[in-house]
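The chain that follows stands alone, in the form predicted on its own, written as structure tokens.
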């Protein structure tokens, strides 16, 4: 049976519950990403907070912190098959317990480790590439990451910008994390027009662009290396490249 769900973590854990207490899942996909085939047998599972909480508690009791992190990071991956990989990973983990992540080359462990590392790498990259701009009394930043990473980034900036209010906007997924007064939350977020930055911000942007241009040494220009560190797909929201 192919299980489909709404894409939420609650929904995913509910599917894991159904896998154990109802019919075994052969694969799991987000409903909006799945194209129903003629011979595929599929079933949509609605998120159930009671069932998901039971599975969540079981994961916490059974697995190590490293495994829980691997589940979280892989769940946020953009890979279409990540939920099915996690199903097999969790199923195997329930059999062998906290030794799970020592079995690096096992066929169900390896893909989860690989996806988790890709997500972690993208988080690390965007912590260096993200640029805030002053919009009214709020700091605003737009990014378009491959993976769903803004919730993994917010604590880094909340720790450094405790007294500020800021928004990190994932334009690709039309959602944002909004931080103020020591708290943050995730919300749907869509703007029809680009936000207008302050005159002070325009001035600082011009200074920054000028500095970026002036420190470049033409004789040592290496566009291939620059592309490696800052791929072009990330540049549309980085001040010095706009």
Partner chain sequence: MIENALDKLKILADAAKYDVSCASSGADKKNNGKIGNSIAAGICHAWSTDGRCISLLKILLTNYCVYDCSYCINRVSNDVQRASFTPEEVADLTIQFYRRNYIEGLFLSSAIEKNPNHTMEKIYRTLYLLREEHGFSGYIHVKTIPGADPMLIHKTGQLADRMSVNIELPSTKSLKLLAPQKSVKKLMEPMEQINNGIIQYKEEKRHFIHLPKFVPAGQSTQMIIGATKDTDLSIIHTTEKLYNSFNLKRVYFSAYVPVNTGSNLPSLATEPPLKREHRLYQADWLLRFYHFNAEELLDPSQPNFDMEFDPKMTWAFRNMETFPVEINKAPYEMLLRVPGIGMTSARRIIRQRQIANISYDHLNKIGIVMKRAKFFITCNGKFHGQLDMNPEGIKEKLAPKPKFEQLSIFS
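Remember, it's a predicted structure, so these values are computed and weren't measured experimentally. Positions refer to the first chain, counted from 1. Here the rigid core means the biggest group of C-alpha atoms that line up within 1.5 Å when the two forms are laid on top of each other.
Absent from the display: the form predicted together with its partner chain. The rest refers to it.
Annotation: in the model of the complex, residues 159, 203 and 216 each come within 4.5 Å of its partner chain through at least one heavy atom. Heavy atoms within 4.5 Å of its partner chain in the model of the complex map, among the stretches 43-51, 188-196, 29-37, 207-215, onto 207-215 alone. Residue contact check for residue 78: none of its heavy atoms lie within 4.5 Å of its partner chain in the model of the complex. In the model of the complex, its partner chain sits within 4.5 Å of a heavy atom belonging to residue 131. Its partner chain in the model of the complex is approached by residue 229, whose closest heavy atom lies within 4.5 angstroms of it.
Under a 4.5 angstroms non-hydrogen atom cutoff, its partner chain in the model of the complex lacks residue 172 among its neighbouring residues. Residues 221, 222, 223, 225, 226, 229, 230 are the ones in 221-238 with at least one heavy atom within 4.5 Å of its partner chain in the model of the complex, listed in sequence order. After superposing the rigid core, the C-alpha of residue 61 moves by less than 2 Å between this form and the one not shown. Shown in the overlay between this form and the one not shown, fitted on the rigid core, is a CA shift at residue 50 smaller than 2 Å. After superposition on the rigid core, the Cα atom of residue 174 is displaced by less than 2 Å between this form and the one not shown.
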